[in-house]
Every structure is written in structure tokens, then in C-alpha cells.
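Shown here is one chain on its own, the form predicted on its own, set out as C-alpha cells.
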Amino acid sequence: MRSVCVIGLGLIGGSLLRAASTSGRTAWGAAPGDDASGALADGFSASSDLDEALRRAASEDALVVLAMPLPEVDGVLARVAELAPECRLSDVVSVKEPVARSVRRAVPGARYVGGHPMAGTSSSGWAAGSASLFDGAAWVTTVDERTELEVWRDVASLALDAGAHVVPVSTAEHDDAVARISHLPHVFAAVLAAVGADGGPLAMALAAGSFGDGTRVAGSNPELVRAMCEGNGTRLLSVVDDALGRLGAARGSLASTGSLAATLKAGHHGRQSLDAARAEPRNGVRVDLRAPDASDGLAAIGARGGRITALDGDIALGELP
């Protein structure tokens, strides 16, 4: 198994260092301050010295994984360019196009495959992490024109060892999808929480499951959420327009006829679509990573809602709904 260097040891990076170590990999991390101290205190290989971690990664041909908020990526890539310019490189940042652009600009020799585990909590920092955070989660691995499938296999293998299943998609498809199912929910949660709080102490005393579930992610660090959402701002803007159109239609119907039937039926159908997708039987599929069209085959699996569940040498084994 390839060794792993995790840069950033908050919730996601810290969980990845734990999971990689638990799987039997040689793994180490770097982060400033309390996160590195916490990892060391818990018996993991960690340091506040980024340069030292990257030098080791270069000498061991390790997979370097960036696990910090988007605004911090460029600064770390500057050190990668200096100390490990041809490394195998991935990330766990929640938006992919800005990271890919930064990598191409700052470290053109890096062998980069983007990643995004669809897992997390509203807490942050090393202490919030867990080796089991990724169990059963979808882990995006980007497949684009420049993707080296040897490195893609390294990233996919790490994700599988961490307990996730792998969803191979293009960078653009990922950012389109997460604008709808991740970034917009964060914006809605913030709005819902603010509207509820404006109701005063009685509203807060009566708040139950629907309000708690709908506002859970509003408890996340707002600066981290801001970086995530603004990093995908163009796509999010389009999705917000879609949502505002639906809210406007609901308001118009409520004002004119007193009915919310169309809005609620559409939402009910949307939720049923999620439940059906999760319960749908799946058929096995194989992709030979040595084939000339392997990248296209992988991307097609992800685009159809499929996933990779195992690697057998150069064969990726997956499932399609």
C-alpha cells in the first residue's frame, strides 16, 4: 500500500490520517497548532512542520492529500511546488475546479486527482475526527482528460481502505452536483436557522425535529462553509435562482389560492427519488484500467449514479443502478 501524507488535520484530514493508519498504511500528517499536537498526543505521526512532511513525501513517493479550506490551498501548493513538485497529489476539498486550476498553475508537474469524501459533521478540528467517518460514504475521485489512471487507482484505493465507495466523475459534474445537494442546503440551513431564531424564545422552545434536522449544518463553522460555497459561487448562484423560483411560485400560489399542493408534492417526489436511489438494486460492472477508454468508462459509471466498490489489480469493480 502506498504511504500517505495528509496536509491539514481537522475533521476530514484528521479522520483520513486515522483511517489510513488503521488500514495498515504508513501515514503521517502536518498541520499548525492544536491539530498537530492533538494527533501526536493520540499516537499518530504528525508535525507542525509542513516542509518536513513534504520532503518525506517526495522521498517516499507518497500520495499527498490536501485537507484544508479552499483559501489555504494556494499557500500549501507553493510549498508543494518547492519540495515535492512531481508528487502524487489529491485533496478532500469540497469544490474541485478551483483546486484543479490552482494545481495546474502552481504545480504543473504534480500528478493530480481530485477527491471529495461526502462525509462530515458540524464539528471541526482534530478532536472531532474518527477513523470510521467515511464508512459507507461516497468519495468522489475526478476523472478528466489529464487524469493518470495509475494515480487515480492510488486515490481510489485510499478511499476504499477508509471504508468509502468511490464515485468517479468529471470535475465539472462534481461541482454541478454538490451545488445542489451540499452547498444549497448549507445556504438554506442558514436562512432557516435565522428565520427561526427571529421568532424569539417561544419559537426556540417549540423547535423540534423538522427545525433541528433542517438547520443541523448551520452549526458548522461559518468561515469554512463560506469558503466552500463561495468557491463554487457561479454554480451555486444558478441553483439559488432555481430555488428562489420555486419559492416564488409557492408564495404566489399561497397568496392567490391558499394552496401549497404543487410545492409540497414536488418536494415529496424529490425525497422519494432519494429513497428509491438508495434502495435500487445494482448490477455489477468491471472497468479494465489498462484499456484506452478506461477514463470514459469510469466517468460514465459515476454520471449514471454508479460507484466503484473494489480494485483487483488493474480491474475496477463497481455497481450500476
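Start at 1 and count along the sequence shown; that's the residue number. Since the structure is predicted, the reported quantities are computational estimates derived from the model, not experimental observations.
We do not show the form predicted in complex with a further copy of the same chain, though everything after this point is about it.
K.L.:
Only one of 152-160, 123-131, 180-188, 73-81 has heavy atoms within 4.5 Å of a further copy of the same chain in the predicted complex; I'd like to know which.
P.N.:
That would be stretch 180-188.
K.L.:
Among 164, 89, 93, 167, which has at least one heavy atom within 4.5 Å of a further copy of the same chain in the predicted complex?
P.N.:
Selected option: 167.
K.L.:
Taking 32, 55 and 85 as the candidate spot, are all three within 4.5 angstroms of a further copy of the same chain in the predicted complex by heavy atoms?
P.N.:
Result no, not one residue of the spot touches a further copy of the same chain.
K.L.:
With the partner left out of view, is residue 97 within 4.5 angstroms of a further copy of the same chain in the predicted complex by any non-hydrogen atom?
P.N.:
Contact with a further copy of the same chain, no.
K.L.:
Please check if residue 148 has a heavy atom lying within 4.5 Å of any heavy atom of a further copy of the same chain in the predicted complex.
P.N.:
It does not: once a further copy of the same chain is placed as it appears in the predicted complex, residue 148 has no heavy atom within 4.5 Å of it.
K.L.:
Would you check, heavy atoms only and a 4.5 Å threshold, whether residue 310 touches a further copy of the same chain in the predicted complex?
P.N.:
Judged by the heavy-atom cut-off of 4.5 Å, residue 310 is well away from a further copy of the same chain in the predicted complex.
K.L.:
Might residue 219 be said to contact a further copy of the same chain in the predicted complex, defining contact as any heavy atom within 4.5 Å?
P.N.:
Flag for residue 219 set to yes.
K.L.:
For the stretch 188-213, return the residues whose heavy atoms include at least one within 4.5 Å of a further copy of the same chain in the predicted complex, in the order they occur.
P.N.:
Sequence-ordered list: 188, 190, 191, 192, 193, 194, 195, 196, 197, 198, 199, 201, 202, 203, 204, 205, 206, 207, 208, 209, 210, 211, 212, 213.
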